[in-house]
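Single chain ahead, written as structure tokens, the form predicted alone.
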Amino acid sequence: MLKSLGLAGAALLINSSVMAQQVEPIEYTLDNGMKFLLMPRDEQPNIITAGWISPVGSVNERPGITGVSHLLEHLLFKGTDSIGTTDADLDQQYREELTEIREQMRAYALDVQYKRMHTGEIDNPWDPANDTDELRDLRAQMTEIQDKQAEITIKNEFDSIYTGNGASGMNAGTSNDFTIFYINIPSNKLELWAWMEADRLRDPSLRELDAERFVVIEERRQRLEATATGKLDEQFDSMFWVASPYGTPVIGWMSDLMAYTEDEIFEYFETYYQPANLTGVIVGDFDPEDAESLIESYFGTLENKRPKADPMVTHSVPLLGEVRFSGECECQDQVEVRYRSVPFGHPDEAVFDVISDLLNGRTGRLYKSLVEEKEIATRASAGNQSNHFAGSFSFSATPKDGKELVVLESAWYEELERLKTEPVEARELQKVKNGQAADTFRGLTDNSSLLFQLAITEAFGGYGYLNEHPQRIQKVTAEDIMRVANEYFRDNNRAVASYTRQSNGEVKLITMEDVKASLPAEMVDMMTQQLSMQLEQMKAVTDAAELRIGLEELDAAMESGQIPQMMKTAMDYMKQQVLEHIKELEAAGSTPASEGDDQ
């Protein structure tokens, strides 16, 4: 009885804190329209996490320039007119000469190489292996200029200036809906950050454009084409979204990556990275008055060079019937059932989030039913993804002991029927709400986590979401769950992907080299160190049941979109190593720990 009262009291305190939660940054907007959210706090003394976000990603791209948001993210690390070179004037000359050659090569490719492709003479108009003598000559001229430019280029100077001044974790990320740049800096280096980032936004050089194209192309090969399910997932996404721009891969279609021009990249940059389209966020140990003065001095001089970007027009075309996609791969058999759900901020988003938590976790419905009771799956999870303009909800599972995928799919529909027809019991629903409240509370304690939440929610419509969404979660009822399940989880609103192992095929193991190749160059060292540390910690765990709980949490985070797409190979590698350790423990006779009490 005392233990029950203690849990109830703790839950009440958590719920009260979340219901009363008010994240209230200082808002500061410059005359040029650039907005800043300032969140002074001393939980991490002498440290600031600072960054800026643009609400631009693959959904803003048109056919012909897909992947430009991601490529531009890469290029913005290459320096500016003043950073990254020992001779700015000569560097500018080389860039202009390279631009002229690129234009000649593009015109030739469109006029000659595409005709050769259409007549079946070659299969790829951009592949150097298919060059004519004219293209080989132009490529040789380009290489000669690039070699000269390399002599005056200071590699990674942007990063070295930061790290030389005590900063760490400089990084960026591109998604369907946004691109964000961020870094941790000492409190006394805020002016350095303001100068560096304002210079990056004012005069990006796009230096090493040609080399970076091939880096992105190789990244695409490693993330999608060389992974077990990458190309299948890409085609399934395209089928699921139909006309919606969410069907466009963030990294872009291969046919576009070599095609767009430098002028198109600059036009895209000046449209979506102009100050009126940006939000800066500073979280940590700083004086807001000093910050406002620095913001005004550095970012206040940026200019809007183009008209405001057009609003999003294309939207999701409703599915008119069930869509099915099947394929073979060097992978474990697996099934996914995906539904159209709702975008960020929709009244039903909170209901979908609650449904996801009802289904997931060691004590969630999917594990109890498919893994423990029916023993038909080794893994089963579900997740809601509420993007800026559209959303999706997915169930996925892998079979146990050769069970057919159709058996897992049928079990999923049985769980859906429960959601549609049986009200969730009050205790089970409150447990989910308590978990959500605790997660929300923890997510506000770290500078970096708070920066991400402030930046993304503001880019999507307003940081007030951080205060409002937890309250919506707490107000979700059993009737809401039944209504949403019946309204959205319909046969004609779903797409099903079934992947089976190739005949006589073996599961392809992911190596650390695959992980390194899948990451942007600036992330490789940091991520490999973190993975090594996590693997060491994992090997020290001797309870297989505890490890499986960790796997379920990781699956749920991946399903819900909490983990960026660029991290997929790294996370798959981590899962692979954990599963191997579990096999070793179970072979040695490890016994699962007893279940803890429900919250």
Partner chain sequence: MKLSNKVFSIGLAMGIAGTAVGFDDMPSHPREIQFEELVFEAPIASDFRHELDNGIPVFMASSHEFPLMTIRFSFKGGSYLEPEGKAGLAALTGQLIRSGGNSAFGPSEMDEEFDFLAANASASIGNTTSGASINSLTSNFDDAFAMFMDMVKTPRFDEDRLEVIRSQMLEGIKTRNDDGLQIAIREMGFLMWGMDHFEGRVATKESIESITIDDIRAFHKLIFNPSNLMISVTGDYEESEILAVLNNTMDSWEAGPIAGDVPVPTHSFEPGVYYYEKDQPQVQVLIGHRGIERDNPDAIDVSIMNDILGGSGFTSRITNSVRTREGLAYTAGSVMSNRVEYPGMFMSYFFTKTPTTAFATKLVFDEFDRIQMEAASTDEIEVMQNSAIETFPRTFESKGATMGLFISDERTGRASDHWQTYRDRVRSVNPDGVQRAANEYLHPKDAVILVVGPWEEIKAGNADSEADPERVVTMDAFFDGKATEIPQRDAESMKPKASTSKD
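Rigid core: the largest C-alpha set superposing within 1.5 Å between the two forms. Numbering follows the first chain given and starts at 1. Computed from a predicted model, the values in this text were never measured in an experiment.
What comes next is about the form predicted together with the partner chain, which does not appear here.
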Find the only residue in Pro318, Pro347, Pro311, Gly164 having a heavy atom within 4.5 Å of the partner chain in the model of the complex.
-> Gly164
Listed residue that, although the partner chain is not shown, lies within 4.5 Å of it in the model of the complex (heavy atoms), from Ser160, Thr99, Ser449, Thr511 = Ser160
Proximity of Gly120 to the partner chain in the model of the complex, heavy atoms at 4.5 Å = no
Given that the partner is absent here, does Val112 sit within 4.5 Å of the partner chain in the model of the complex, heavy atoms only?
-> no
Is there any non-hydrogen atom of Glu303 lying within 4.5 Å of the partner chain in the model of the complex?
-> yes
Is there a heavy atom of Arg41 no more than 4.5 Å from a heavy atom of the partner chain in the model of the complex?
-> yes
Exactly one stretch in 416-424, 180-188, 491-499, 102-110 has heavy atoms within 4.5 Å of the partner chain in the model of the complex; which is it?
-> 180-188
Site test, Thr86, Gly247 and Glu322 vs the partner chain in the model of the complex, non-hydrogen atom cutoff 4.5 Å = no
Within 4.5 Å of the partner chain in the model of the complex: residues from 201-227 (heavy atom criterion) = Arg202, Glu208, Ala211, Glu212, Phe214, Val215, Glu218, Glu219, Arg221, Gln222, Arg223, Glu225, Ala226
Using a superposition on the rigid core, decide whether the Cα position of Asp256 changes by 2 angstroms or more between this form and the one not shown.
-> no
Return yes or no for Asp514: a CA shift of at least 2 Å between this form and the one not shown, with the rigid core superposed?
-> yes
Cα distance between Asp514 and Phe240, which in the model of the complex differs by 3 Å or more from this form, closer or farther | farther
